[in-house]
Structures are given as structure tokens and as C-alpha cells.
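Next comes just one chain, in C-alpha cells: the form predicted on its own.
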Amino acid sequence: MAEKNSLLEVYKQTKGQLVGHGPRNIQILQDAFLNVDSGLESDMYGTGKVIENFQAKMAQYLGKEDAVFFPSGTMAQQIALRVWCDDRELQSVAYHPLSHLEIHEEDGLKKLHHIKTILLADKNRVIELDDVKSLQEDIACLLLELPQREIGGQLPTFETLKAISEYCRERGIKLHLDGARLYEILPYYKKTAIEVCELFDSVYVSFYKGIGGIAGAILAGEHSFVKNSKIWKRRYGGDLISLYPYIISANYYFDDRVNKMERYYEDAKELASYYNKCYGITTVPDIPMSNMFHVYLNFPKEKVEKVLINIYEATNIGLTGRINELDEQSCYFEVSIGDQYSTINKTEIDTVFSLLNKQLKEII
């Protein structure tokens, strides 16, 4: 059986998983709409109480003058950078080499807006103040992703953020926050969303990652910035006739989970400690800085998959459904903690990692 089914298939069949909030199925939408008044009026092309009230709520949470709801973060961030470039009459921005805009968006920023991108810092670490100071060209905007997902959710110190913010403001450089996982970093910094966001001129947050909604994003900033963003949203086709299924689910899961981030953070640190006690495994970071981290294994991907499938079938507990190959002798996967982890008995977790450690030692 183990040889016939893929890792993902066996993972989905387990009774419990240590990551995420659970299956992404129709139940997510049903739960969000369970107590919604059936007579609630829909939003229409970006207007109406459903969307306007939520935008106002998020602007207040982020400490910004205004906010606009987008169907996707990709759309929101490309538009944010375009607005800042137009504002400065300078078509150049900077961000990390592993930014979502650089590696996951098919060069949308460059192809659609003809904006030049400058990559800052080594790809294996976060952007520091010296990287910003070393810029040889003028830029309209600097984008910082917090946490830096592709390197395990690493973060700069809060003092570094403050220094970068001050440096940019002194030089008229707009600072944009890729805060897809903003909520998840607040326990590490021991700051409120407002305290983090006041360092930035514009902020993007997601509602399907740590929050676990269907889809959608908020882009927030000053009134003039949001006004221009709404124009570009219309140009992009982002003003669907109605966005309420996304908005209602975003609002529901925001209220349900935004105050659970401290628990997810502590759970992530605990889970990372389990992995780091196993033979041939290290996590990046060693101690997580948010609810996410990466697990690196010094074994071939195919052999790790066989080990995990065996463990899933023996314990009915899943660790991950996907392994990424680094080279012929190593691989890694991402961990993101949500509601699921706390539902698994610690005795069961001990058993899973005891088996994992034992079977990894037996790999030839």
C-alpha cells in the first residue's frame, strides 16, 4: 500500500496532522456563513457596507488612515509598488532575492509595469540596514517581507526595522510591508500590529495563510495612497461584482484566530525542538521566530518519503504532505502551525518522533 500511494495521498488519509488548520474544503465557507443574516446586502464593485466596514476595521487594526480589500495579495502588492513608483516618478524598487514578487509571479511587476527591481542581501539571510545603505541607485520603494518565508520565516530585529524605516524616510524612499504573515510575527517582536505598521508607508496582509480564510488581502496606507490603489484595482479587474464570500470568511477567521498567534508561536518552538532531536535533521531557524520554520533532512527525498509514509500508516499522524529536493542527498519541507497541532495528544507526538528518529537512523 505504501508503495502505491504518494506521500500527499497518505498524509491526507491520516486522522490528524501537526500543521495547518485542517483541510481546505467547503466547510471553511460554511462555518464562516453559519450565523450570517441571509438578508445581508452584497457589496457591488467595491462599494457597500460589507466591504467598507471590513476595510475600516482593518485600517484601524493596522493603524493606517485607509484600506482597500483585494481578491489577491499578488494584485495588491504589484499595485502598491506601482503607486509608489508613480508618486516618485521613479520606476525602480528593491526587495529580497526570494521575494514572492521575484520568484512566484512570472515577473508581473516587470512585464506589466516595466518597473526595475534591485535585489538586496544574500538570499539566505534577511535584509539589514547596511544592505539598504549600499544601494547604488535611487529607488522609489523598498519592500520588506516579514517574516522571510523562503528562508524559514527569519526576521530582522525590531531595532533594525526602526533603523531602516528612519533611513528610508530621511531619503524619501517609501517603505512597503509584505505582511502576508504579519499577525504571526507579533508574538516574536512583542509588538502590536500598529507598532510594526507605523514603520511602513504601506502594508499588505493576507487572509488565507495564518488566518485560514478562503482568499483575499488588505492594502493599507494614507488616504491618497489607497485612492490611487483603488483606481489600479479597477484597472486590474479586481473590482468583481461581489467579493463578499472572501470578505465574510476573512472577517470570521480573523476574529477567530488573530489572538491565537501566541499559541501557534509557542507550538512552533515546541515542534521544532522535536525535529532538532532527530538524527540527520535541523530546522531553520533553529528556534522559530513565528509559527513557521523549515525542516532540513540529510537524506535523499525518495527515502524520506518512504519513512514518512511508514510513520503515517503506523501512527495515523501526518507531518507534511510535500518534500522539496535540495540535491541527491538532502531535502526539506515547510512547517506552518495552526489549530491542528494542539489537537494532537503529546503521547502521540512522542511516538511519531521516536519512530522518525529510529527509521532515519536505519536509512542506508
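Only a predicted model underlies this, so the values are computations on that prediction, with no experimental measurement involved. Residues carry their position along the shown sequence, with the first being 1.
The next section is about a form of this same protein that is not shown, the form predicted in complex with another copy of the chain.
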property	result
Another copy of the chain in the predicted complex reached by all of Gln60, Ala67 and Tyr204, non-hydrogen atom within 4.5 Å	no
Residue stretch of 187 to 195, 134 to 142, 159 to 167, 208 to 216 approaching another copy of the chain in the predicted complex, non-hydrogen atom distance within 4.5 Å	208 to 216
Answer option from Asp122, Glu106, Glu222, Glu262, heavy atom within 4.5 Å of another copy of the chain in the predicted complex	Glu106
Of Leu326, Ala314, Val36, Ala56, the one that lies within 4.5 Å of another copy of the chain in the predicted complex (heavy atoms)	Val36
Heavy atom of Trp232 within 4.5 Å of another copy of the chain in the predicted complex	yes
Glu52: touches another copy of the chain in the predicted complex, heavy atom cutoff 4.5 angstroms	no
Contact test in the predicted complex: Ile118 vs another copy of the chain, heavy atoms, 4.5 Å	no
Exercise: Tyr275 in contact with another copy of the chain in the predicted complex, heavy atom 4.5 Å	no
Another copy of the chain in the predicted complex - contacting residues of 9 to 47, heavy atom within 4.5 Å	Lys12, Arg24, Asn25, Ile26, Gln27, Ile28, Leu29, Gln30, Phe33, Val36, Asp37, Ser38, Gly39, Leu40, Glu41, Ser42, Met44, Tyr45
